[in-house]
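Here you get one chain, nothing else, as structure tokens; it is the form predicted alone.
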């Protein structure tokens, strides 16, 4: 039971939220969100002292160091996302708060199972449990302009990715006659063409899940149309779950055969970094800019993946934590400004430093972190993945990543210029809901603390990555 403690806890919280929704009276059921957020915080605190447990379900479900690291990250990010969404305006979030939070928790449950999956069937089921609620949540505010279209695009692309992944998994099973990832790892050194083809198809399916180029087409429209606190969560946690699953399938127990994936991952990283950064340059909508920026960050994480080493894997895990704080914080500031100005255009940030200096400072910290400027969390994240790739001999990829980091600074600093140099259209303070302010504060603290003192998290990531190799 200890191995399933967090999964059982999330399931119980879903049931509690469901019952609370049934007994709720009136049109304003937002208090159900407080229940979901409090429960998620309790589960996050519960996850901290947990230690690895023996494998369950015949080895299909593991509660090792990597799983625990990922689950703590998922829970913390979900708590911040729920906290930021407690004051979401609009009728859907008043009357249907129960449905919204049940869907978020259902997706979270899928992520928790995915982090522990060491079986192909369980892996696929967990992916679908994570993904299907996301399609619904993307169009939750269905009367908003573009919401239904964005949700449909997300669903169609996600369905294709699931089909490609299932097709690849069938090839893998046909080649090795087992659904155990341990069996796949043993067969890989002598794997035939069918196994390689299957794993390549599965890799393509993963590309959709993590939004790597050219599988990114759902990202900008979905991010622009969906509720921003949900987008803040969507932009980080499913991607983190996807990377953990990548580590399971392509690294764990592969031995020397792991080097086969270097050119595949390096090529995908190159395309993703270049495309993400170049497509971000002309954007004038803040959410679309962060969407394309997020695609570029997936490319930087793939640089660490391409290193195919314990240090590269550990640095991707560190990058994911830094990215959670930096990217979620930036989206939450966009939400605060958009509520005040009625627009997500970059022009809405003009003179923000004069109107709300602390909010502008928080946004500046997030932008600097995403841009990789010393000494905030994102600087160490990029430095560490580049260092791991250089150690693996991928100097050309490190050089490309460094050059494109300079390009990224251009569009991040455009936002900073609007906040600190341009004159404000009004002198009134940007109103900030207390819970949204708390979520922004938590993200800012994460960015600063990891920037000043990254060593404990780096060492923890190294400890959980080493057993994979």
Partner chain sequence: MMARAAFLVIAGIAVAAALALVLRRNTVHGALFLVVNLGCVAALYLMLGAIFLAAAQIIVYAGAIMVLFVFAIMVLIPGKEETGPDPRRTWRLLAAPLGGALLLELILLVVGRTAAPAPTGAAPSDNVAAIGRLLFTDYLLPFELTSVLLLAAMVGVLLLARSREGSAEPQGAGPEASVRGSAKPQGSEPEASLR
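Note that the structure is a prediction, hence the values are computed from the model and not measured. Residue numbers count along the first chain shown, from 1.
Form predicted together with its partner chain: not shown, discussed below.
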## Note on the structure
Among 420, 411, 34, 61, just one has a heavy atom within 4.5 Å of its partner chain in the model of the complex, namely 61
### Query
So which of 146, 193, 357, 214 reaches within 4.5 angstroms of its partner chain in the model of the complex, heavy atom to heavy atom?
193
### Message
Taking 4.5 angstroms as the heavy atom distance cut-off, pick the stretch from 297 to 305, 227 to 235, 204 to 212, 120 to 128 that is near its partner chain in the model of the complex.
### Response
120 to 128
### Message
Counting only non-hydrogen atoms and a 4.5 Å threshold, tell me whether 15, 22 and 103 all contact its partner chain in the model of the complex.
### Response
yes
### Query
Looking in the model of the complex, any heavy atom of residue 188 within 4.5 Å of its partner chain?
no
### Task
Flag residue 174 as yes or no: does it have a non-hydrogen atom within 4.5 angstroms of any non-hydrogen atom of its partner chain in the model of the complex?
yes
### Query
Is residue 221 a contact residue for its partner chain in the model of the complex, using a 4.5 Å heavy atom cut-off?
no
### Query
Is there any non-hydrogen atom of residue 179 lying within 4.5 Å of its partner chain in the model of the complex?
yes
### Query
From first to last in sequence, which residues of 346 to 383 have any non-hydrogen atom within 4.5 angstroms of its partner chain in the model of the complex?
none
